[in-house]
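For reference, the chain that follows is the form predicted on its own, supplied as structure tokens.
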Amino acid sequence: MKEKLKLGIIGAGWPGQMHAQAIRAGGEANLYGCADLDERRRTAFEKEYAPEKSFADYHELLQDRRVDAVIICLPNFLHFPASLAALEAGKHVLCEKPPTMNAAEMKVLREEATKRNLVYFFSRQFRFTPAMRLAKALVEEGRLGKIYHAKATFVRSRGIPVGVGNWFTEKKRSGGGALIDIGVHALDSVWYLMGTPRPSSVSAQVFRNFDHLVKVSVFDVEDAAYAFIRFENGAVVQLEASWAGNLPDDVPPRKYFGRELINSTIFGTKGTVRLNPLTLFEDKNGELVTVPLAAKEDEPNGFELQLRNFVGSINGESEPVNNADQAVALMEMIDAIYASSSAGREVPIVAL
């Protein structure tokens, strides 16, 4: 029997805990180690998930030859140095979103992973949710026909995050605001369903209007971003992302962030699929037919299925659903949105 991969989790906060639960539930790999500078958080993680080894400094975890791969769950500004250090240490990498702070950093990681024949995988558990998997199956069956447009929305009325040490609102540590925090979820969801076409240009505007809603020493990132993205195949995407906005009462409230609207809609020549509620709008001999869809909710969750794909990719049993090339292109789109807003015009995207 093949020995199970030994995984290390770097960062014992909420994302690290979700990945630890996936490891425990899936059984495809073993949780070998964890690393976190915060002793209290690290001790709580050890008690709950029982890794064999525990470290304060993640570099010590990376020096352990028994570690095959790491899952990086740190603040944004640490994604690149931790991922690079892991690859240089010969470890496969699964890194939480955003992959890096910009596309140039992500290109370095892609080259390093390629040079060392390692798997680089950026965490996009949304791709593995029941609704996304069913929608993707419809696309691959040709039920939508040619996809020409998508709308991606992730908007909150009162949901500005702060984070430990207020890093979310400080650009040098976060890389950006609502766009890079929650907009990346919405953008990646529609882009993935469209088949990850090559982006060609962006026209966008970002805003900072609601910094008065939180008390932090630095707030130099956007609280909203709106973009129009063109792709080389002729398709386009409209993106809306906001931490805070005065949303109307037709948007339902959520537990933590006030009113919240999260949805993805993919438009094709034969049909349109909407994720929430999951529905297919299909052309039948010139008539538009509404087809409610029911995704299987009793299957493993997105974190567990993502981990299964990551481990399978390392073992050569499957192709990675999330890969380094896609991570570079995703960050190119993020970079271009900021560049377009700063320039006040549409900007081209030149592949790195």
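Since this is a predicted model, take the numbers as computed values, not measurements. Position 1 is the first residue in the sequence shown; the rest follow in order.
Keep in mind the form predicted together with a small molecule is missing from the figure; the text below concerns it.
Novice: Spot the stretch among 21-29, 5-13, 325-333, 339-347 with residues whose non-hydrogen atoms come within 4.5 Å of the small molecule in the predicted bound form.
Specialist: Selected stretch: 5-13.
Novice: Candidate spot 79, 125 and 303, all three in 4.5 Å heavy atom range of the small molecule in the predicted bound form?
Specialist: So, yes: the whole triplet contacts the small molecule.
Novice: Even though the small molecule is not shown here, does residue 167 get within 4.5 Å of it in the predicted bound form, heavy atoms only?
Specialist: Judged by the heavy-atom cut-off of 4.5 Å, residue 167 is in contact with the small molecule in the predicted bound form.
Novice: Are any of the heavy atoms in residue 294 no more than 4.5 Å from a heavy atom of the small molecule in the predicted bound form?
Specialist: Taking the distances in the predicted bound form, the answer for residue 294 is no, it never comes within 4.5 Å of the small molecule.
Novice: Applying a 4.5 Å heavy atom distance criterion, does residue 183 contact the small molecule in the predicted bound form?
Specialist: Answer no; every heavy atom of residue 183 is more than 4.5 Å from the small molecule in the predicted bound form.
Novice: Is residue 223 one of the residues lying within 4.5 Å of the small molecule in the predicted bound form, judged by heavy atom distances?
Specialist: Judged by the heavy-atom cut-off of 4.5 Å, residue 223 is well away from the small molecule in the predicted bound form.
Novice: So which of 46, 38, 64, 283 reaches within 4.5 angstroms of the small molecule in the predicted bound form, heavy atom to heavy atom?
Specialist: None of the others qualify; the residue that does is 38.
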